Each structure stands twice: as structure tokens, then as C-alpha cells.
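Consider the single chain below, provided in C-alpha cells and representing the form predicted on its own.
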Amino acid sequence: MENFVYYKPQTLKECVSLLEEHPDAALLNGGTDLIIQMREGLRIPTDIIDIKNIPDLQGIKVGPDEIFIGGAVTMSQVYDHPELSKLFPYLCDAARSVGSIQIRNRATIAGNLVNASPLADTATPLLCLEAVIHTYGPNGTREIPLNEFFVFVRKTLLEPNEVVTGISFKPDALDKAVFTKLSRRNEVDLSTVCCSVGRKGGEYRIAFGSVAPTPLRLLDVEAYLKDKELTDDVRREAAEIARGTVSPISDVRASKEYRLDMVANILEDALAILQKEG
């Protein structure tokens, strides 16, 4: 690992000033991706800006009108939070599925999204919750719908010198939801396919990861399912529409054909669970 200059700002304003002074600096939050990239020589920053202890990025706020998860909140803090565990078990399941306990104690929800991996586990429940990304940068604050945030693999709508300060969503965004992760091992593995399926009244929200360049909502499937009773035929037809909507690739974890089959199977199973739970 090459030498670098380490900075530890105490405020968001100080952080953005440092980013403007050092445009090639790397932000250190959880560091679970950055440290690996540095060790393998894939990224060699000359400056590192540690943001994980900035007060404005800390904490989880559960209010009557909004849930807010700070930009430095870890996976462990999410699934250990008593109110989140009760209200959003599917989001907590996604956070708990990420890596090992050591990784979850460092990795952040915001980092999982900013990394913009196609298989970001927490992206699918947050897409179903219609979450909003909050940022702070040289031009002030912004709010970006998560459904618009991902551009391509490892690319987002974040502007230069902009920091994610948190993620928000409505407490009543969904009535019920299910998170599913398929991987080669039960623990400490990346997703082969991950999925969240939620229901709000007669409407459904469906998001998949690892089946396209970005995590994505399956809007055509959602439109088909609106106000329909989830009979066996309806679930099968939804699964076929989903199969034609996604665009997976073959890689070391699975073939394209396997992923297409799993998209259909996972969606049918998740819809059956929602139907059973009423």
C-alpha cells in the first residue's frame, strides 16, 4: 500500500473544502471497499478524507413523517436498531446479509449505495421504500430519488466534491415486504441474485440486484400486478414479465440463464409469501 496524507474533518463544510483542495482524494467511511482496492493496487489515492466521525452523518431518526439513516450509519447499527427491526425487517435482513459481522460493523448503508454495485443488497429494499438520497456539496444540499441515483456500474448522480449525508423514506411507504438473497454460500458471500418485493395497498414494488448494470425497479411487473389478486396464474405471468425485463450476465457466480430462472422463481415465491400474509 502506497503512502497517503490522512485528513479527519469534523464538519461537512470542512470535508467539502478538503475535497475541493484535493479533487483526487478518496473518502473513507466504512472503508470495506476502499481498503481492499488500495491493497490490490486498484486505487492509489494520495489523500484520504475520513468522514466516519462527522456528527451530521451519525444516527438513525425514526419520526412520524420520516425515517432518516445517517451517512455513516453501519449495517450493524441498522439491523440492531429496535424500531427499524420491528417496522422494516426486510431492510434489516438485507443489512444483515452483507459480509461477516466484522464487515457489517464497518460497512455503511450509504457506502453500499454510493459504491453503485449491481448487487448492492440494501439497494433493493430501499428502492421499494422509494428512498431519497440526501447530499451536501459546494452548491449546498440536494435530494435525489434512489430510483434515479444509479447511472451505471460504479457510477451515480453524485457530483464532484459531494457527500451523501443520509437516506430517508416514509414510515408508511410499504405495508409488507420480503427480502431474498441467493448466493453460493449462506453467509459471507456476494449476491448471485437479490430481490425485494413490497406491497402498499393494491400496488406492488419490486426491485432486483445482480441482474442488470444497476439495481433496478421492475416497473412493468409492478404495473401488471396492480390491484390484481395474486393467484397462481398471476404470479406465473408476473415472473415471466420479470424474466423479460432484466438483463443479467454470466460471471463466476452464475450463468445468465441461471439468473433468469432465479428471477422468476424468487419473484413467484415472494409474491406467494405476501399473498399468504394477507
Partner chain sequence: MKQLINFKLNGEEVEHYAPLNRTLLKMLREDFDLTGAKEGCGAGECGACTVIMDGVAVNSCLVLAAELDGREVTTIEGLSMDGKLDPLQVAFVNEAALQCGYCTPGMIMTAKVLLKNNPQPSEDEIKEGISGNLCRCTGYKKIIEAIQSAADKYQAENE
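Residue numbers count along the first chain shown, from 1. Please read all numbers here as calculations on a predicted model, not as lab measurements.
Keep in mind the form predicted in complex with its partner chain is missing from the figure; the text below concerns it.
> Ile36 versus its partner chain, in the predicted complex: is there a non-hydrogen atom within 4.5 Å?
Flag for Ile36 set to yes.
> Please tell me whether any heavy atom belonging to Asp50 falls inside 4.5 Å of a heavy atom of its partner chain, as the geometry stands in the predicted complex.
Yes.
> Verify the contact flag for Thr32: yes if a non-hydrogen atom of it lies within 4.5 Å of a non-hydrogen atom of its partner chain in the predicted complex, no if not.
Close contact exists here: in the predicted complex, Thr32 approaches its partner chain to within 4.5 Å, heavy atoms only.
> Would you classify Arg104 as touching its partner chain in the predicted complex, given a 4.5 Å non-hydrogen atom cut-off?
Looking in the predicted complex, residue contacts with its partner chain include Arg104, since a heavy atom lies within 4.5 Å.
> Please pick out the stretch from 224-232, 65-73, 52-60, 205-213 that is in contact with its partner chain in the predicted complex, where contact means heavy atoms within 4.5 Å.
It is 52-60 that comes within 4.5 Å of the partner.
> Work out which of Arg96, Lys200, His81, His134 lies within 4.5 Å of its partner chain in the predicted complex, going by heavy atoms.
Checking each option against its partner chain in the predicted complex, the one that comes within 4.5 Å is Arg96.
> Going by its partner chain in the predicted complex, which residues of 1-25 come within 4.5 Å of it through any heavy atom?
Sequence-ordered list: Met1, Glu2, Asn3, Phe4, Val5, Tyr6, Lys8.
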